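Read the single chain below, which is given as structure tokens and is the form predicted on its own.
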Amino acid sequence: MAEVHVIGQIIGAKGFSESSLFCKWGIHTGGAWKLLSGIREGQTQVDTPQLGDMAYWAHPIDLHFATKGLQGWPRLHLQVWSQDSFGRCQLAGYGFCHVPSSPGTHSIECVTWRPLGGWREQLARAFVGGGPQLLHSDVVYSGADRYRLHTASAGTVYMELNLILRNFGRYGVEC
């Protein structure tokens, strides 16, 4: 079977109105993909920027997949959260991006957004914290129902991914 190695890191995030950020991430693939090594999801540590507004995580990603075809190419699903001084967490943004399909080093900027909700939810978010969240996180990368959401742009997550493709020609998988 053809193989894909994804090695890299989630560098950090910038442009969020909140500080003390952390990121929950997951990788989603189609049915023809098998994870040989690595973990499908993870979470970074919390970083509170002292200078500037860039939160640095340097969280490693190391995945090894085998596949029979290109359908369902891996995509990264991100949730950025903020933590206040009382330890309460609230959603800062959702985002997703496709893993690049060419070998080599890739710098990726994943823009994020968050659901707005009604005026009551926006008022509660401003004074109490919290805010609306998606019931089903697959809406983020499946686009079918995403057009009905009222959203606000949040910030950008920066990643660096290195890809190694192996045996694609031998198994007739064309990139």
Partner chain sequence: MAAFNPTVFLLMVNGQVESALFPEFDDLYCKYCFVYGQDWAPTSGLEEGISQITSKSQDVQQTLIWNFPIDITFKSTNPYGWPQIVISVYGPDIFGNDVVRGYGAVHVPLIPGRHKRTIPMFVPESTSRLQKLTSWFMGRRPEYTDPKLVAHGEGRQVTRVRSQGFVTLLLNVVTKDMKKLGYDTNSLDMRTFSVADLSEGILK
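Positions refer to the first chain, counted from 1. Just so you know, these numbers come straight off a predicted model, no measurement behind them.
One more form of this protein should be noted, the form predicted together with the partner chain, which is absent from this view; the next part is about it.
Touches the partner chain in the predicted complex: Q83 (any heavy atom, 4.5 Å): Contact with the partner chain, yes.
Y158 versus the partner chain, in the predicted complex: is there a non-hydrogen atom within 4.5 Å? Flag for Y158 set to yes.
Please determine whether P60 contacts the partner chain in the predicted complex, using a 4.5 Å cut-off between heavy atoms. Close contact exists here: in the predicted complex, P60 approaches the partner chain to within 4.5 Å, heavy atoms only.
Using the partner position in the predicted complex, report whether H28 sits within 4.5 Å of the partner chain, counting heavy atoms only. Taking the distances in the predicted complex, the answer for H28 is no, it never comes within 4.5 Å of the partner chain.
Residues in 4-23 with any heavy atom within 4.5 Å of the partner chain in the predicted complex: Those in contact are H5, I7, G8, Q9, I11, K14.
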